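In structure tokens, the next block holds one chain alone, the form predicted alone.
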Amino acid sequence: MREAELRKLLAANLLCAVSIVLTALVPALFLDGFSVLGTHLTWLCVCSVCVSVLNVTLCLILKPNPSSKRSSLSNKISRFLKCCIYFFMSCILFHAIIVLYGAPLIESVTETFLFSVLLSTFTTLQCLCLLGPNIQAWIRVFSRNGAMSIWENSLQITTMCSILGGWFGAFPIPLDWDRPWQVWPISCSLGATFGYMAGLIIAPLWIHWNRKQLTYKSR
């Protein structure tokens, strides 16, 4: 395992984590009354957009999964359109799953969908950036010992941490504490966000700690 690659991963993950912190601080300088809790839907949009732009930019700059094949412009456009469709389908799928887990079906539909977009940004978008619209590659990465690089190991960890964070975030909602952060979907989106940030920090540390045991199959 090359230490330079691990340093790239650490720098990229820390940059993503810092960007999330900035989405809670910088908009308040330009938007009156902005806060993560008070204007939660606005923050969800800002966070999703910023994380998406940063992830795509880092993917283009670092090229964690370079392809030896040169694709034509038409192939690149087709790949981009497929990624957009996959991302939208992911938002719909997350929305349906969240409703099945007890979220309001008709009431708060906007809140539920924006939370689905946030979850898709933390999970599906990373898969699209790293693996492209290749479902077989996604299945391989999330199968046992399927990762072929430290970037794919990081993808596994951040994805699972994001989903678990959103799930654990739902626990306080039914409690009668009457706290403002118990309003749907604040605790879930904050849980997913903290889970994603925890995954960004844990991933490079875990990989560094287990670097001697990690062996990757050739593609």
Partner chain sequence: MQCTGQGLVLAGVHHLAWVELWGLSLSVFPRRMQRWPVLLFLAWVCFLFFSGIGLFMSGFLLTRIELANSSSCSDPLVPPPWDKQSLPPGSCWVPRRFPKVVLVIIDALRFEFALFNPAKVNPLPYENKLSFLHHLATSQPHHARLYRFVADPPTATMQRIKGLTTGSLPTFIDVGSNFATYAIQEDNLLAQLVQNGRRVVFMGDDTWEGLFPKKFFRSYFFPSFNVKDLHTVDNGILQYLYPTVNSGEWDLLIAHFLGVDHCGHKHGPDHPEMAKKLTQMNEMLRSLVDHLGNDTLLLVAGDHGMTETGDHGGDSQREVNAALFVYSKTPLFGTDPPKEPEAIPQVNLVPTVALLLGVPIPYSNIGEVMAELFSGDGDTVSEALQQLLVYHINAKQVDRFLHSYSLVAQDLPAEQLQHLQELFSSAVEEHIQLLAQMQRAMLMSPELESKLRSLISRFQLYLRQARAVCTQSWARFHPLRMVGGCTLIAASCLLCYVASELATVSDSFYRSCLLYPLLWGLVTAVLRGLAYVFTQEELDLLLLLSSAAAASLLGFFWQWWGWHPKRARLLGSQPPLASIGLRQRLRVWLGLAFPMGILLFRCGAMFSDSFVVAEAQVAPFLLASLVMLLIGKLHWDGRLTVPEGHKQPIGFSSYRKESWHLLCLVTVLLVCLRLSGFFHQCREEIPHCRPSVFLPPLASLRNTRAKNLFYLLCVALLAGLVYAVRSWLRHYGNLNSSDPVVLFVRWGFPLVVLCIACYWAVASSAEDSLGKLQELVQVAVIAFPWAVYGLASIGLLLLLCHPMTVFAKDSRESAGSIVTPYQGIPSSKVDLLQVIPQIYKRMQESEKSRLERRSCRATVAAYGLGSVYSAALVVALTLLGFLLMLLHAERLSLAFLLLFLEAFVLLHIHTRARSLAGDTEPFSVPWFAVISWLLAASQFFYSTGHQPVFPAIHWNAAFVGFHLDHSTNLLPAVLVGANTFASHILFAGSWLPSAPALALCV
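Since we're looking at a predicted model, the values are computed, not measured. Numbering follows the first chain given and starts at 1.
Just so you know, the form predicted together with the partner chain exists too; it's not on screen, but the next bit is about it.
> Which of these residues, I61, A28, L175, V53, gets a heavy atom within 4.5 Å of the partner chain in the predicted bound form?
It is L175 that has a heavy atom within 4.5 Å of the partner.
> May I ask you to choose, among L105, I85, I92, I77, the residue with a heavy atom within 4.5 Å of the partner chain in the predicted bound form?
Contact residue from the list: L105.
> Thinking of the partner chain in the predicted bound form, which stretch from 28-36, 190-198, 42-50, 167-175 has heavy atoms inside 4.5 Å of it?
Among the candidates, contact is made by 167-175.
> Does any part of T110 reach within 4.5 Å of the partner chain in the predicted bound form? Heavy atoms only, please.
So T110 does not count as contacting the partner chain.
> Check whether L81 has any heavy atom within 4.5 Å of a heavy atom of the partner chain in the predicted bound form, and answer yes or no.
L81: no contact with the partner chain in the predicted bound form.
> Check whether S143 has any heavy atom within 4.5 Å of a heavy atom of the partner chain in the predicted bound form, and answer yes or no.
Yes, S143 is a contact residue.
> Is Q136 close to the partner chain in the predicted bound form, meaning a heavy atom pair under 4.5 Å apart or at it?
Yes, Q136 is a contact residue.
> Using a 4.5 Å cut-off on heavy atoms, which residues of 78-94 contact the partner chain in the predicted bound form?
The stretch 78-94, when checked against the partner chain in the predicted bound form, contributes no residue at the 4.5 Å heavy-atom cut-off.
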